[in-house]
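Take a look at this single chain, the form predicted alone, given in structure tokens.
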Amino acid sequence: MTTTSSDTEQVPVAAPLVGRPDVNRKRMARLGWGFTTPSLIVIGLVTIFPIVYSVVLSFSAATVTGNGVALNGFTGSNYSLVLSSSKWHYALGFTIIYTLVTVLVELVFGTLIALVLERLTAGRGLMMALLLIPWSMITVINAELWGYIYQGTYGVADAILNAVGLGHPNILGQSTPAIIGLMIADIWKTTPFVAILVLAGLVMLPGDIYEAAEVDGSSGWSTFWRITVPLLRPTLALAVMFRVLQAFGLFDLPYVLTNGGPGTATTSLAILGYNVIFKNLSFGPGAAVATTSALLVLLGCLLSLRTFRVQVGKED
């Protein structure tokens, strides 16, 4: 039997999909950039440009004119004025102490609440919904609520303190009570946020490790410190970073609740910058306050990452 040339020709086999370079990769990349360009432009206009302009303004001799703000050359006097100001020193110290205390307390309470919720077999959804009520409340409304609680005439806090024999202290009218009251209001609102983050990390932990620890006779306290906390380190670092960013930019809560008072007792860096810019119309020094605050927030985030030894995608 004779074979023709067509019979001996091999039918071409399609190249395997795995490992084959995608011929449309560049086209898809251009398409992706085309879709994301509008959002990147918006982000640049509302985020990057104000930051850059604030830095430029902080190094300028800015004066207020009838047509707006005029930039009259480069100067470093704004930072000299800010860094040598006693008001800036106090606002910096208050903001740092406020951030450390509130973040630490929220981290402890949030972790305890998350551990309780993680062990609930029934009613967890309802408890989480109730827990999120303070966090979902707008900060201005939260401040007004605590303002009523701290009110010296008909406030609940005043009635409780009077019932335990402490009389009728003017909570928001004294420096130390006002600071403590401000911290309590912040902790009440933001602890649920930390609890939800920690709970999300807890439910994703592998159960076989705990089974092995139980077989080895590890106690609950030892298991928590040697297994749970190390495995939760990335989640805790994320919670700390979010809270440091929020607490260090403290503005709306003290602005509504105490207006930075009494005196300057609850004046944060954000309130100080607001007062310098919009009340004193000193745009250069106000921009310097904002720039130094942003640098300190960045430093705080880097230190929190270093503390928990967490990097993006890997651990040291």
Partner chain sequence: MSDVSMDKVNKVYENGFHAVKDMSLDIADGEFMVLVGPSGCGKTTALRMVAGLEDITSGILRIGGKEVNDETPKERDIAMVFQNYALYPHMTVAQNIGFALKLRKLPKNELDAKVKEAAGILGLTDWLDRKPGQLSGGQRQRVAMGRAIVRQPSVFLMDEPLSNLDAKLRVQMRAEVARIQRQIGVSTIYVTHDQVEAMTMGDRVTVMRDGTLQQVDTPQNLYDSPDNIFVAAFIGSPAQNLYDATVGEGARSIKLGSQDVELPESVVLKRPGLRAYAGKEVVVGMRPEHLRAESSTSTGPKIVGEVDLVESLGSELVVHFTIDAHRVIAEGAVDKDEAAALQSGEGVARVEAKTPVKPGDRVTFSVDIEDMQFFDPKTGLAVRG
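As the structure is a computational prediction, the values presented were derived from the model and not from experiment. Numbering follows the first chain given and starts at 1.
There is another form of this protein, the form predicted together with the partner chain, and it is not shown here; the text below is about that form.
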query: Stretch in contact, per heavy atom within 4.5 angstroms of the partner chain in the predicted complex, of 203 to 211, 150 to 158, 234 to 242, 70 to 78; finding: 203 to 211
query: Gly165, heavy atom within 4.5 angstroms of the partner chain in the predicted complex; finding: no
query: 4.5 Å heavy atom contact, Glu144 to the partner chain in the predicted complex; finding: no
query: Non-hydrogen atom contact Ile227 with the partner chain in the predicted complex at 4.5 angstroms; finding: yes
query: Close approach of Ser85 to the partner chain in the predicted complex, 4.5 Å, heavy atom; finding: no
query: Listed residue that, although the partner chain is not shown, lies within 4.5 Å of it in the predicted complex (heavy atoms), from Ser136, Asn170, Thr176, Ser222; finding: Ser222
query: Residues within stretch 61 to 95 having a non-hydrogen atom within 4.5 Å of the partner chain in the predicted complex; finding: none
